[in-house]
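The chain that follows stands alone, in the form predicted on its own, written as structure tokens.
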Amino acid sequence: MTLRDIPVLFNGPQTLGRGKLFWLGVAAVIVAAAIYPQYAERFAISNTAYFGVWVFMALGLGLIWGYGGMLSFGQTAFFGLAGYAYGVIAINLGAAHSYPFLALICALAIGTAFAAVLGYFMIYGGINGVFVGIVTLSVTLAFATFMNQTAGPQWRIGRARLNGYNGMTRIPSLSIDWLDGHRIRFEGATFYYLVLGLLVVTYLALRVLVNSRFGNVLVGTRENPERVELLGYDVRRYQLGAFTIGGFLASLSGALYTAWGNFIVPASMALPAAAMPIIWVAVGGREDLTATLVGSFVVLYVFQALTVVSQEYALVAIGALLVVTVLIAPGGYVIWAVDMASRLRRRAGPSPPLSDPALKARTQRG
């Protein structure tokens, strides 16, 4: 592989955006995000990092649902499990040395393992379609209900008290020690840069994944699993892989959220919380990573702005947004906007062939 072959890894039929103009735009966004903390207030920096933390969960759901065709409500279960695991381990180990970083690694392993086990029994057990949503929603609500009733003093793991619906508090922030004894605490701008770096790496890695053979087979499974099986692929293995990777990203979101706020509550796994990732992904566009990324940030910002006025009104407004999305732009507003722009360009002049295979396929389906 030469340097000229590297861009091919990030571009393909399963993602929108290719060519110099797109990647220059991506680079400009990353540069703007990198210099943002130099001019923003501390609260704004922390709040933007908060948005970024949730996007990992959305990207994972986009892989499971948008590319794999499995509507899952289990993202918040993996989120909560990893969040509580990080809290319990970090409280018991303390903030010395690099123990919080070790707690993060363990939390990711626990959440990902749970996602893999749950996905294995569902997928290899023949559960598919709407029943995936039912099973994952049941698991999520059962976990949230259980954590709500852990308020008594007997509900503790070592020094960590679960505290029921009040949640765990005083959880150490993420930190790591260098060889010279210097400690880096990931708080404020430092935590923001950590989230930004992880988001860039995750986005690029997922683009490579979905444009590889794995992604092509996964999309083929979403469209016609019987035909993919006839071609000799074990569709269950690809579905399980996507479900496990999505669970890992949701676990990363949960562990980072707990390290960011130094607390975790069962409400983060309740029914409204379980439905929110579905809305983020649906509004942006579940069949494309860039659409999911952009749409999630926008919906998170709007939802927070509405929550300042009234949390109840915010939930109603977001629910109405989902209904309108299904009626007007079922593929997501970002995909709809790109599609409309392409149609306007074709009407304004000659009709050249679409240069983006992903947009061409969506236009032909629509």
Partner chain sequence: MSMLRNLAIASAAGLMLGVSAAAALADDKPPLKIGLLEDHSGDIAIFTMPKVHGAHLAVDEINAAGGILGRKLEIIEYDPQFDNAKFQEFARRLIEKDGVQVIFGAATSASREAIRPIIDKDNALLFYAQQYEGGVCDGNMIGTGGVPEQQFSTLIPYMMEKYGKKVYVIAADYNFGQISTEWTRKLVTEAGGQILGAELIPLGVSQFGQTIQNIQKAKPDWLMTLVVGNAQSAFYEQAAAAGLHIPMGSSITIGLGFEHKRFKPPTMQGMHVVMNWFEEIDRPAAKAFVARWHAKYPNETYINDMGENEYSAIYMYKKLAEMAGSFDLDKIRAQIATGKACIDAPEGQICIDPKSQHASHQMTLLSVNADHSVKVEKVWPRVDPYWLGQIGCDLTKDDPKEQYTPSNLPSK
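Just so it is clear, the model here is predicted, and its values are computed rather than measured. Residue numbers count along the first chain shown, from 1. Basically, rigid core = biggest C-alpha set you can superpose within 1.5 Å across the two forms.
Heads up, the form predicted together with its partner chain isn't pictured, but that's what we're talking about next.
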With the partner omitted here, the residue among T202, N166, S98, T190 that in the model of the complex has a heavy atom within 4.5 Å of its partner chain is N166
Taking its partner chain as it sits in the model of the complex, is V31 in contact with it (heavy atom to heavy atom, 4.5 Å or less)?
no
Would you check, heavy atoms only and a 4.5 Å threshold, whether W260 touches its partner chain in the model of the complex?
yes
With the partner left out of view, is T48 within 4.5 angstroms of its partner chain in the model of the complex by any non-hydrogen atom?
no
Might I184 be said to contact its partner chain in the model of the complex, defining contact as any heavy atom within 4.5 Å?
no
Would you point out which of 291 to 299, 148 to 156, 87 to 95, 105 to 113 contains residues with a non-hydrogen atom within 4.5 Å of its partner chain in the model of the complex?
148 to 156
Which residues in 30 to 63 have a heavy atom within 4.5 Å of its partner chain in the model of the complex?
E41, R42, F43, N47, Y50
By the 2 angstroms cut-off, has the C-alpha of V53 moved between the shown form and the other one once the rigid core is superposed?
no
After the core is overlaid between the shown form and the other one, has the C-alpha of I318 moved by 2 angstroms or more?
yes
